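We begin with a single chain expressed as structure tokens, specifically the form predicted on its own.
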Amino acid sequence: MCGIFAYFGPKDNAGELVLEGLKKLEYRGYDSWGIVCKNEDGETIIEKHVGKISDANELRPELTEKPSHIAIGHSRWATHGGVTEANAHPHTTENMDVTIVHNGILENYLELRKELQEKGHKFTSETDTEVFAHLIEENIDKGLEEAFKLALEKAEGRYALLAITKDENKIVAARRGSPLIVGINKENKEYFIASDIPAFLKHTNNVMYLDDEQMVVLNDGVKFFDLKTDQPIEKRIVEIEWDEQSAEKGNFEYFMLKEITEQKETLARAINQDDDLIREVAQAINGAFGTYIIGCGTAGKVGMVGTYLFSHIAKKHINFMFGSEFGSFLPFMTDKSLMIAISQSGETADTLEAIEEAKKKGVKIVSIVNVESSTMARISDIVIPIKAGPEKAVASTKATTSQIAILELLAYACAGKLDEGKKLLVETASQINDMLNPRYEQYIRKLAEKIKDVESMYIIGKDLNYPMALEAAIKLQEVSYIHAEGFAGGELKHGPIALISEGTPCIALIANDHTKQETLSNAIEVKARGGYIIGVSPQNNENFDFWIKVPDAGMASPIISIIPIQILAYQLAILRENNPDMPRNLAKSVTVK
């Protein structure tokens, strides 16, 4: 959600470098964008737009006609104020002494704005962000670093904040609850600050992490400070294993299709875990006085799958709750409890807040996360990496199946059957390899062509595939913009079946297990009322109007069931002329509450 990219270095085209970096952050979700350049004459020049960064091939001449070694860019996802050029970042003061960009929400901005207006400050936007610029200006005579710290002392809420001034050749940045990463190219004496690593992978894979309540200053070098103690901090340089190619589309038109196809490899990588690590977490689960899985959105649906897996495989009761709802369950947590947090980005605000509250009660935290350098990973006691590589499409695909695989390994390990679980998942990965081919995709496209103009569709499943019915609905909603809802098959007759009319598509996720006949009966009830039945199942059935064949994967059926829905969602998006990588109103990382 929102993207920040900044450059400080010897190259004299800082604005163009920042434009290029912002384009690599488009997947985060945004509705407007802007760049500020400070040229060699000390002038700060701003360019802002509503719309897509990818439509911009070059900046206005004013930003590039003079050499510039400092530039900051931002892609905004509107929270305070409408989608307008005036509300786009960067924001500045009346005389452009201070210019800033900001991710997050300044919760007490109305109170601060009123105080500043009473002092004579004039505002030109509806945003909370503009308040920061004026707060810094209040003490700018003390220098940017000190004025920046004093402004942050008044701020309530989460933020990633960058600032420059006309009079000083430096960039100052700080974070609280919203990601910022520093990239370093020592050889060229170049420094980058970004919301995510892919923005600067072309230039360097060496990074230094900014943690909460910390500040960084870029000028002739890089200096970190603890905002609570005002003391300098030593940071180590970490080499990231991702390469630029892994973060690009290659021969694929969209990241979503690339990432669906990559599940051939990513599932195998997820399975290839350190057995000792998996057994260590399993031992913690078995010894905990209450284990709680949390996640948001798709990660939440994965967590729900986990409750079924642990019940069937390990005969254990595991609690699940969405990160945003966790506060209601906090009273049950003790220092003997265990929390398993699931996230692709590791920066989801609601999940992070739940972790922070749990840690206050002494709860042990295990994170299942794709970005090992994320905030979630760094504050957890144990990290299980899913090893999916960069996932840029907003709709999660490869991370989802990898997360499910990790939960399967943990469930089998809790039962003392880790080798059995790994064998099942290796076989499943091999079967996925057979599914992900152009012929299978074209077959599902035929279904997409049949249903692309429907207003609503429904998905049913039971047991392990009930959460996958919910996840299937998310996928279809996200990229096709068709109203889709998932239900437990047995709940249809308690209300939702009233929504079925002639031709209404209903996808039935039917595993070859003890729920097969019941789910099939639920599908037949829908068909009797005119529904168009799409069976996702190892075996065909005369009641299916369209059959999507999937392998018989036993306890791994949730992994198998969701992949054809991912493909269907993608094909529907293409046919409906939607961008599957960047759905409207959505962001890849939800870093604000």
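Remember, predicted model here, so these are calculated numbers, not experimental data. The first residue of the shown sequence is 1; numbering continues from there.
We do not show the form predicted together with ligand F6R, though everything after this point is about it.
Proximity to ligand F6R in the predicted bound form, taken as heavy atoms within 4.5 Å, picks out 395-403 from the listed stretches 491-499, 395-403, 257-265, 96-104. Residue contact with ligand F6R in the predicted bound form: residue 474 places a heavy atom within 4.5 Å of it. Ligand F6R in the predicted bound form is not approached by residue 177, whose heavy atoms all lie more than 4.5 angstroms from it.
Within this chain, residue 465 is remote from the site of ligand F6R in the predicted bound form, having no heavy atom within 4.5 Å.
Shown alone here, residue 296 lies within 4.5 Å of ligand F6R in the predicted bound form, counting heavy atoms only. Checking 345, 307, 504, 515 for any heavy atom within 4.5 Å of ligand F6R in the predicted bound form turns up a single hit: 345. When ligand F6R is considered in the predicted bound form, only one residue from 190, 128, 137, 478 comes within 4.5 Å through any heavy atom, namely 478.
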